[in-house]
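The chain below stands alone and is given in structure tokens; this is the form predicted alone.
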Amino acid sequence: MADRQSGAPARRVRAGGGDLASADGYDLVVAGSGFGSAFFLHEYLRHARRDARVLVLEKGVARNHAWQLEHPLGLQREAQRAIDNRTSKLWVFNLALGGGSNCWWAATPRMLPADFELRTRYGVGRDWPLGYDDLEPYYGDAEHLMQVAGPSDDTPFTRSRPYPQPPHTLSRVDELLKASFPDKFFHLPCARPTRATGKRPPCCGSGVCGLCPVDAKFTIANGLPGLFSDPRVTLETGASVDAVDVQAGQATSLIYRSGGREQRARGELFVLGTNGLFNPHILLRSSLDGPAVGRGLVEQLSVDVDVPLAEGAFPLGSTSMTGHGYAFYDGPHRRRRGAALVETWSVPLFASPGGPLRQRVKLKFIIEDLPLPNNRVEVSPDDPTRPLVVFEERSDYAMATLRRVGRDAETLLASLPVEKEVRRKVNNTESHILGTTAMGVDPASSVVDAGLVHHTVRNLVVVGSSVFPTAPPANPSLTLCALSLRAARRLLS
């Protein structure tokens, strides 16, 4: 990126404000304000000049925590109207300042080294163009920013530094599973704090974590509160990015709609961080329609196994889910079927008609899937401003794991005092939108390189889980944040 010698301070605008296509343009123009964009911007500002000029364009609006508590489904309803979904499958995202941080559950496991080398180790899927060791320092940085609570000494992840906060207290069910599977069961790391941090109180343990009632869970608003008030940053909400204008192989501006008008934001470096449905949609509308753009839409498959305990009350953990099971995650079976990560959920007491208080245990199996080209994002023929979302099938790889869930659940439940009644439910969504602008080394099968830079437009960066070339079972948020930190630091080093 060229180093300009002068530049006026960024000016503030209201949501849906005036034309931002200044004569000089911006050093950085960012589309979206969720995890990928925000973590990239945080790292960028750490290294940028004092007179740098940054523009952030957010399609949604700013909705504070109080508004969200009053309208618990409001952001998701607004989001669903923005896509043309041709499937019964639900795609969970928020169109608002802070993006998915407004609705995530804050589970923050790292990926395992084998997840980056699926093709090399097991002959299926694809390898990532970087490995665990490349990302490990940035995992630590992301955990520090989120103030993740986790087990520093007993963990499946090779670590160079401890977690910033101690782990949550395990439930009694977790303790029994840990005793039976000491090397395959661990505390679940999460961005729900065990101790107060800044403006965030400790987790209240209510189990309502999609929208935390006490605002303890990390969000962009409460965890990076100065990001959009930095004097170098101009934020415009209600700004819908349509396309990237590319001239002579270089991005020159983002074309967007705001206040009922089409506008252009000129700049030197551009970042798309608008999630796995909108990132490819913007590229397709920009005629950056390589063979991999929009293809391979994927997310993990998940199954809830709900079982009543034969005894009475068991102590719950100190947050909604406190345990992580790795007994079915990695190993030679991944040559034939996907990995499965098991979450244990604290379930309150219940009473059967005329019976005593009882308790249930819920095991959630999160199953690896492989991207398939027929699952895709296109430009809607009915309304070009909306992504057309097509999801036709799951891979045989994931379905083979699904067929084993009953057997694998019995292996875990043998450690617990349970009754024979078992309820299993395949979930409609795991709320993770992956693929569609995959990273890789070959432009014929990927969109960005290991630094998240577009293969042909070298001043265009794509961030977020849309860059994932595979869908391992680990929750993706921590990994995509680490990737954004790494991308920004490499560009500015």
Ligand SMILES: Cc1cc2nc3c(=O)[nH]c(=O)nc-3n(C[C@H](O)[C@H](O)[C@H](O)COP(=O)(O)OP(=O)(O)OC[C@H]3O[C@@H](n4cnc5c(N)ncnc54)[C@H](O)[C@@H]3O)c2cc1C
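Quantities reported herein were computed from a predicted structural model and do not represent experimental measurements. Residue indices: 1-based, along the sequence shown.
Keep in mind that the form predicted in complex with this ligand is missing from the display, and what follows is about it.
Enquirer: H432 near this ligand in the model of the complex, any heavy atom under 4.5 Å?
Expert: Yes, contact at 4.5 Å.
Enquirer: Verify the contact flag for F186: yes if a non-hydrogen atom of it lies within 4.5 Å of a non-hydrogen atom of this ligand in the model of the complex, no if not.
Expert: Result no; F186 lies far from this ligand in the model of the complex.
Enquirer: V29: heavy atom within 4.5 Å of this ligand in the model of the complex?
Expert: Answer no; every heavy atom of V29 is more than 4.5 Å from this ligand in the model of the complex.
Enquirer: Just to confirm, K59 within 4.5 Å of this ligand in the model of the complex by heavy atoms?
Expert: Yes - in the model of the complex, heavy atoms of K59 and this ligand come within 4.5 Å of each other.
Enquirer: Counting any heavy atom within 4.5 Å as contact, can you tell me which stretch out of 156 to 164, 135 to 143, 389 to 397, 273 to 281 lines this ligand in the model of the complex?
Expert: After filtering at 4.5 Å, what remains is 273 to 281.
Enquirer: Is it the case that W105, S240 and L480 all touch this ligand in the model of the complex, with a non-hydrogen atom of each within 4.5 angstroms?
Expert: Contact check passed for all of W105, S240 and L480.
Enquirer: Work out which of N222, T197, N94, T344 lies within 4.5 Å of this ligand in the model of the complex, going by heavy atoms.
Expert: After the contact test, the surviving option is N94.
Enquirer: To verify the annotation, which of these, G267, G99, G150, G325, has a non-hydrogen atom within 4.5 Å of this ligand in the model of the complex?
Expert: Only one option qualifies, and that one is G99.
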